[in-house]
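Listed next as structure tokens is one chain, alone, in the form predicted alone.
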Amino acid sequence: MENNSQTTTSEEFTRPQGAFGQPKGLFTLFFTEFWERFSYYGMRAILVYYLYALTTAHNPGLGLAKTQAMAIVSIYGALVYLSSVVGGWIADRLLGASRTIMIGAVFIMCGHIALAIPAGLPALFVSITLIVIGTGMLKPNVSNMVGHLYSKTDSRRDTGFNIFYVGINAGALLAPIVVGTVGQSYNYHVGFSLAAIGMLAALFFYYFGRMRTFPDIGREPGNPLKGNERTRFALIFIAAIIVLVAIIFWIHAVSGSAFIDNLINFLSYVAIAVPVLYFIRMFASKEVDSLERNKLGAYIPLFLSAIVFWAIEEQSSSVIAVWGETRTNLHPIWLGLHLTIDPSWYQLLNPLFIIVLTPIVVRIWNKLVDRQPSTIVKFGLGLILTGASYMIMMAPGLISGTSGRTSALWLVLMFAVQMSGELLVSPVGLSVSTKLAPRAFQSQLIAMWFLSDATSQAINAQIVQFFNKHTEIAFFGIVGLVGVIVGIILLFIKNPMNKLMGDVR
């Protein structure tokens, strides 16, 4: 449970104090997340190309198969979000959200530094480990801190999360332009170095901004370990590390040249199993009352639909990245100008449309206030749009075949529709996670929201390997249709879900 001083401080920050009538602390968290996302999405913009690029005299790549590269990118993303459960638990039970964010930021920066070193696969594995740990500690707790700036009944809450979401996407918009251009046109490792510098900026903004705008929020854990619990945790943690290392060595011993593929499969199964076990734990906890269990029951369909949404959205750094490089005209003539496109630039279409569309959505929600559609309706419509965006991607193959190159405008249209759906799912999902969270699992339910992303990318690690020019039309069609169907199902079950959610809309 939160201590009284933290609750009082949180209520104090609900008064309009900053720009747009929002708490000042929102903008400290806005810029922290801006630079953290710049570093992460900068790395992601070039990672798949670095993994399958052949080494040249000026720009060394790892030369992996494209299917393997896409699977690694997916499982990397899964691990990043899977670790958010651990990061939420550390904040709730050990360190408090504020210190957990600081330590996580240091880990992330060191991870990008490791990837900037031209040491091949060993540097990649070190980087994955550090960024996974760091992002798990930082990501859910920054979002949870945003939630603590508002009371649960504050009508500005969803708008605040939308503004925060702009920070995420502004960093993601800048990243491909800077890191992507330098990485692909000059040197991948220099690009990864820029990602490390971005993380240093995030550390700076958070460290100095929190002391001025919310010095007491998140300072202490909400449900701290007591007495023997600390000793038991230490023993379990050490045992888990030993078991994990032993499993990895065993996979290596029995796999030979198939080690990476088998490790991806193992980690995929873990990422799919963890949310199931975690939901069981929360439902069984004595610290969760019957009303909170009802709200958790309503959260499960939202969680499952989020998995479908993220499975489509997260393919932008794997399937869509490869499609952009191999299927679009990278030397178009627009308005009489001969252009050259770095494939990594396509990654900026995602955040670009988020930034363009967010003010429109915020204006609509501000006008509607209490007449807004319910969370379930927003989710359902968002899934339908997201699924439709992938069905649009069937068109280039149906019209002109899948062997040649086509216009990049198909990607522009796809991202425009998909990001319209994202604004109805992602920021709303963050907000509803803070409202449906049991008191004893506040940071951890935010972590569960990110765990839906982890599970989706674990699934992606398996299915992206089926994508190639021969399966392109069927792949986009089947995945898109699943998104549309799930959205329609949500609209049909909105009434029983609203009953379970009680006063949360």
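The numbering used is simple: start at 1 and walk along the sequence shown. Predicted, not measured: the structure shown is a model, and the values here were computed from it.
Note that the form predicted in complex with a small molecule isn't included here; everything after this is about it.
Contact segment among 448-456, 46-54, 24-32, 65-73, judged by heavy atoms lying within 4.5 Å of the small molecule in the model of the complex | Result of the contact check: 448-456.
Contact at 41, 81 and 310 by the small molecule in the model of the complex, all three, heavy atom at most 4.5 Å | Heavy-atom distance to the small molecule in the model of the complex: all three under 4.5 Å.
Would you mind picking the one in 131, 168, 145, 319 that has a heavy atom within 4.5 Å of the small molecule in the model of the complex?
-> None of the other options qualify; the answer is 168.
Would residue 112 count as touching the small molecule in the model of the complex under a 4.5 Å heavy atom rule?
-> Judged by the heavy-atom cut-off of 4.5 Å, residue 112 is well away from the small molecule in the model of the complex.
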